[in-house]
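Only one chain comes next, encoded as structure tokens, the form predicted on its own.
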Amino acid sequence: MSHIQVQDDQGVRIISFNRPDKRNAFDLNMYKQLTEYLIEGEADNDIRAFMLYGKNNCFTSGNDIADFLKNSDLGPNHPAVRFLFCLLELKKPLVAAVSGAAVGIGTTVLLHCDLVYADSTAKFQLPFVNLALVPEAGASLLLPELVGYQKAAELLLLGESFNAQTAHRLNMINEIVADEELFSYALSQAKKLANQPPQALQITRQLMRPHKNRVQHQMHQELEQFSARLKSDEAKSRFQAFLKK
């Protein structure tokens, strides 16, 4: 069974993460599929919006560390790297519905979304420094711009988890929705986007994101450091402790 499931519904491509035994942790194959489904959707005129969703009351617990360690050369063809730059290049709007854990990439991906909805169980965390790593997906630039430097420092340098109320207060999510209504509400919002005039919508998105080149440059810087950190002694000892847990 595929850990990434796709369903097209009235102009919305719903991409679901479904790997319950690993709390929807992303392995390289999942990154590959995610990118393929996004690229296909971008090229399909019948798809007007995307929605990301984690099944089994969990968005994603982040990267599959063991899988990542086996494939730690973060060149341009690495599946995770391709996914990150694909996010940056998306022309069509991206909606996320977050329930349960949203760890690492589970939180940084939201910085690239247009609309984000969460239920009361959502728990966000950016534990990069805790694992002796650095942020990815442009988070070291996008997060301070969104929430201010001091708050971003708290979230990135301490790496503690925070709830949906905090995420909402920091403008990281649009709305907190009742648990049982999360999927249907986020999908209804995505369908509203899909019904908007597509060219006007896409151009407006571009105009609202004038710093794409800066973000791209920051992502390259982050990946360079991330790659170096992955091989560091301090990261190796943190990973061993994490994998034992």
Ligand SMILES: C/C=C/C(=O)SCCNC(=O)CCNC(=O)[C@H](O)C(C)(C)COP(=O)(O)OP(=O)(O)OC[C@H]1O[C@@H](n2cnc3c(N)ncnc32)[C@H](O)[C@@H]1OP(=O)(O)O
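From a predicted model like this one, the values you see are computed outputs, not experimental measurements. Note that residue numbering begins at 1 and tracks the sequence as displayed.
The next section is about a form of this same protein that is not shown, the form predicted in complex with the ligand.
Residue 12 versus the ligand, in the predicted complex: is there a non-hydrogen atom within 4.5 Å?
Although the ligand is absent here, residue 12 would stay clear of it in the predicted complex, with no heavy atoms inside 4.5 Å.
My question is simply whether residue 127 lines the interface with the ligand in the predicted complex - judged by any non-hydrogen atom within 4.5 Å.
Taking the distances in the predicted complex, the answer for residue 127 is yes, it comes within 4.5 Å of the ligand.
Using a 4.5 angstroms cut-off on non-hydrogen atoms, would residue 93 count as touching the ligand in the predicted complex?
Heavy-atom contact with the ligand at 4.5 Å: absent for residue 93.
Using the partner position in the predicted complex, report whether residue 138 sits within 4.5 Å of the ligand, counting heavy atoms only.
No.
Heavy atom within 4.5 Å of the ligand in the predicted complex: which of 109, 116, 103, 167?
Spelling it out, the residue with a heavy atom inside the cut-off is 103.
Within 4.5 Å of the ligand in the predicted complex, heavy atoms considered, which of 142, 86, 131, 152?
Partner contact (heavy atom, 4.5 Å) among the options: 131.
So if I measure heavy atom distances to the ligand in the predicted complex, which of the stretches 183-191, 44-52, 61-69, 198-206 falls within 4.5 Å?
Of the stretches listed, the one contacting the partner is 61-69.
Who in 210-245 is close to the ligand in the predicted complex, meaning a heavy atom within 4.5 Å?
Stretch hits, in order: 226, 242.
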